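Next comes just one chain, in structure tokens: the form predicted alone.
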Amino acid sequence: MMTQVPRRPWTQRWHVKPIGWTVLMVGLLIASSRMTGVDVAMFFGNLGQFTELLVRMSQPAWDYLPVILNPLYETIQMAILGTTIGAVFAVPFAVLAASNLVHNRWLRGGIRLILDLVRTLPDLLLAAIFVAIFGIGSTAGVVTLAIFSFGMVSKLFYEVIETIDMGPLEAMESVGANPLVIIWYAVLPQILNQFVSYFLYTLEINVRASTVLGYLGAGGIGVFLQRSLNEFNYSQTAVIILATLVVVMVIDGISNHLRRVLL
């Protein structure tokens, strides 16, 4: 006896839903470009200038590399210091924002409101404010990166805390352990590998961000990047970009290695 193949509805046979969503997304893109005044024709018409820049950057001025080594080292120091300070302060705030650890919704809501406010402030705005407060130099950059790291790591961290196994916590609570001991022995061991991964990911972002903060006088290699672009010396710009790329690749390699070791 032959089995009858189920008859698919016409919406599946003609792929109505995928086509409809595609048409909707294309329509939204077209409408958004018109509302924002984006000139797509100008974009494609100026691709030749982009190609010209790539050609001018294809011959890096390697003799400029010794000049940027110290600023690049300063950029790495800024990123490490800012990320570390922000991550250290993010740990207690993340614990207080986790719904499975803090059952007082008013306290938890207030902490999350503070974290949302911190993440709302753009890093360029923070850099401009702290340059005005501390003056031109790496101090403004470190404080900016610390606040940015605090907002980012705390968000990722409390989301990880909310996914932990509650069994060890309940066992320690049953024997009368205090909250600090529970967090130290039952919470942190479960999230240590994710915390290290998020820390290194934030460090990688901060290395790139610190090059942009240099435009506002926040120190690091960004000052030299701005200078090379203002002078239209794209061969020097290429060296700066390649040096930053190497640093980011090294951090990514360290992150992957530590992730394999911890897992």
Partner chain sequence: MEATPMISFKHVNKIYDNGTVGLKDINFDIPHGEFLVVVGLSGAGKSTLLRTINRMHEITSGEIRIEDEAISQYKGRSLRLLRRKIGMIFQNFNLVKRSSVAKNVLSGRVSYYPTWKSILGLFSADDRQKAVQSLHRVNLAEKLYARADELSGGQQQRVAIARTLMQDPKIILADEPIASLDPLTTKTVMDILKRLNREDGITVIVNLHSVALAREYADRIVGLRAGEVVYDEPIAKVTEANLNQVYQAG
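These numbers come from a predicted model, not from an experiment. Positions refer to the first chain, counted from 1.
The following text describes the form predicted together with its partner chain, which does not appear among the structures shown.
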Counting only non-hydrogen atoms, the one stretch of 172 to 180, 91 to 99, 71 to 79, 142 to 150 within 4.5 angstroms of its partner chain in the predicted bound form is 172 to 180
Contact with its partner chain in the predicted bound form, heavy atom within 4.5 Å, among Val118, Ala186, Ala128, Ile164 goes to Ala186
Exercise. Consider Gly137 of the chain shown here, and say whether it contacts its partner chain in the predicted bound form, taking contact as heavy atoms within 4.5 Å.
Key: no
Original post:
If you check in the predicted bound form, is Thr84 within 4.5 Å of its partner chain, heavy atoms only?
Top reply: no
Subject >> its partner chain contact in the predicted bound form: Gly109, any heavy atom under 4.5 Å >> reply: no
Classify Pro122 as contacting or not contacting its partner chain in the predicted bound form by the rule of any non-hydrogen atom within 4.5 angstroms, answering yes or no. no
Is its partner chain in the predicted bound form close enough to Thr211, Gly217 and Thr244 that every residue in that trio has a heavy atom within 4.5 angstroms of it?
no
